[in-house]
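So this first bit is one chain, no partners, the form predicted alone, shown in structure tokens.
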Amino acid sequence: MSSSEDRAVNAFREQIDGPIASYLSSCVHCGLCAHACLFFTETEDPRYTPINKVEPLRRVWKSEYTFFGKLASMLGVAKKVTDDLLEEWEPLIYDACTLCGRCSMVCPVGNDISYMIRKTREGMVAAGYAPDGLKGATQRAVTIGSPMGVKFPALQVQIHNVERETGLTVPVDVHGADYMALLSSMEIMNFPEYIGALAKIFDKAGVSWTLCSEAFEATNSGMQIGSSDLEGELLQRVVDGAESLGVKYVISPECGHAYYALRWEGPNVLGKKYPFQVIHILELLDQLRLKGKLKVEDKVDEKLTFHDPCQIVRKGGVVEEPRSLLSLVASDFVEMEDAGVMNWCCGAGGGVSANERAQPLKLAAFKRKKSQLEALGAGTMVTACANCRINMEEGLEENNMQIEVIGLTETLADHLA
């Protein structure tokens, strides 16, 4: 066994906890998960069946934790984890899965297949098998603080531009503020209007908030590549920043994986409770709406639809808030088929957007969203994830579709009373 094979087997062995063992033993091989995955439905390639993607993890479980698997190992006929297997399965794990969790929703025996794939990534990355693009993004996140290499001076430039355009102050490193807002690199570099939207809305609503110069990045590349150790290192930076400023809440921005990593995985990964509460920006905005502090003066006349970011809506539970907020500004809001918790993924989450090799497959998967939009005839699509937003723009451009993609927070800010 080579060193990489040995590392992979040891890593897979460490990932086989109670849930994984029960999921692998209870799978009935029905194939329903295939029809819930847009990589399979849009390519009809059986390799993209979600449960098939966990084959390396399954082999270790079977050979070491089942009677017949142990017997096969003793007889020398067991299917082993080899370098060839890891090389073959790595694109299936990273190119053809966004960890969206839709497959888990349809499993008739309740297996969390998304969790299984995440655990399989732990073994893959431990053996050195991961896409170069995602490796680079993760390295930049750890060493620089941002997967896109964004440093605080770059954020300062965007803050200056926002303050000049709005006439408002964007607070930084304010001790004792109630809320510390996080940003994703994509928002800083591609959609700085999000920062301006926060300034406008919080000014009107009288919200006490701040950014942190030492912990402004929300994106967690450690979660995406499948390394709990790196995920924890990036989470700890946010915790340290929030503790240093003494805030009560940390606001996760319009970024799906950032929210899921910080809100739902963080305390378990770090092994301790936060000294603050985590809230998604849409949850906070809806609270302001209910308190009468978020008021608009007009509505958008054209037909709008909403794309549900998987990690925020299906896996994060923020389902009704975006719809309540859209009711403030949309006079003609229409839902896509399979909206809400059964939405179809944009195709770029789970680190796929940082993986250049996956571009052709990602565009093929976009056909699912294309068909949804064509059925509606909406001229504008609203979403609440910068990663989804960029991928939607790329897919629409590739398919020559004249549909505008906008962020929900900015849309509300543009219609403030």
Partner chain sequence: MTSVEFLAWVRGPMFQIAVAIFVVGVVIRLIEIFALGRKADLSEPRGGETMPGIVTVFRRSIPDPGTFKRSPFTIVLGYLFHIGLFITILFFVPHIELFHDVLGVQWPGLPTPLVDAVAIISIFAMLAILVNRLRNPVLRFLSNGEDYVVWAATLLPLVTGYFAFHRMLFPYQTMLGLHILSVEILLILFPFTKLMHFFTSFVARWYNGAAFGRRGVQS
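Quantities reported herein were computed from a predicted structural model and do not represent experimental measurements. Residue numbers count along the first chain shown, from 1.
If you look for the form predicted in complex with its partner chain, you will not find it shown, but the lines that follow are about it.
Q: Report the residue, out of 287, 244, 277, 208, that has at least one non-hydrogen atom within 4.5 angstroms of its partner chain in the model of the complex.
A: Result of the distance check: 277.
Q: Which listed residue (118, 315, 200, 307) meets the criterion of a heavy atom within 4.5 Å of its partner chain in the model of the complex?
A: By the 4.5 Å heavy-atom cutoff, the listed residue in contact is 315.
Q: For the chain shown here without its partner, which stretch in 184-192, 101-109, 250-258, 216-224 has non-hydrogen atoms within 4.5 angstroms of its partner chain in the model of the complex?
A: Careful reading of the contacts points to 101-109.
Q: Counting only non-hydrogen atoms and a 4.5 angstroms cut-off, does residue 367 reach its partner chain in the model of the complex?
A: Looking in the model of the complex, residue contacts with its partner chain do not include residue 367, since no heavy atom lies within 4.5 Å.
Q: Would you classify residue 383 as touching its partner chain in the model of the complex, given a 4.5 Å non-hydrogen atom cut-off?
A: Answer no; every heavy atom of residue 383 is more than 4.5 Å from its partner chain in the model of the complex.
Q: For residue 28, is any heavy atom within 4.5 Å of its partner chain in the model of the complex, or not?
A: Yes.
Q: Would residue 397 show up as a contact with its partner chain in the model of the complex if we use heavy atoms at 4.5 Å?
A: Contact with its partner chain, no.
Q: In the model of the complex, does every one of 236, 293 and 414 come within 4.5 Å of its partner chain, counting any heavy atom?
A: No, the whole trio is out of contact, none within 4.5 Å by any heavy atom.
Q: Listed by sequence position, which residues of 265-279 have a non-hydrogen atom within 4.5 angstroms of its partner chain in the model of the complex?
A: Heavy-atom contacts within 4.5 Å come from 267, 268, 271, 272, 273, 277.
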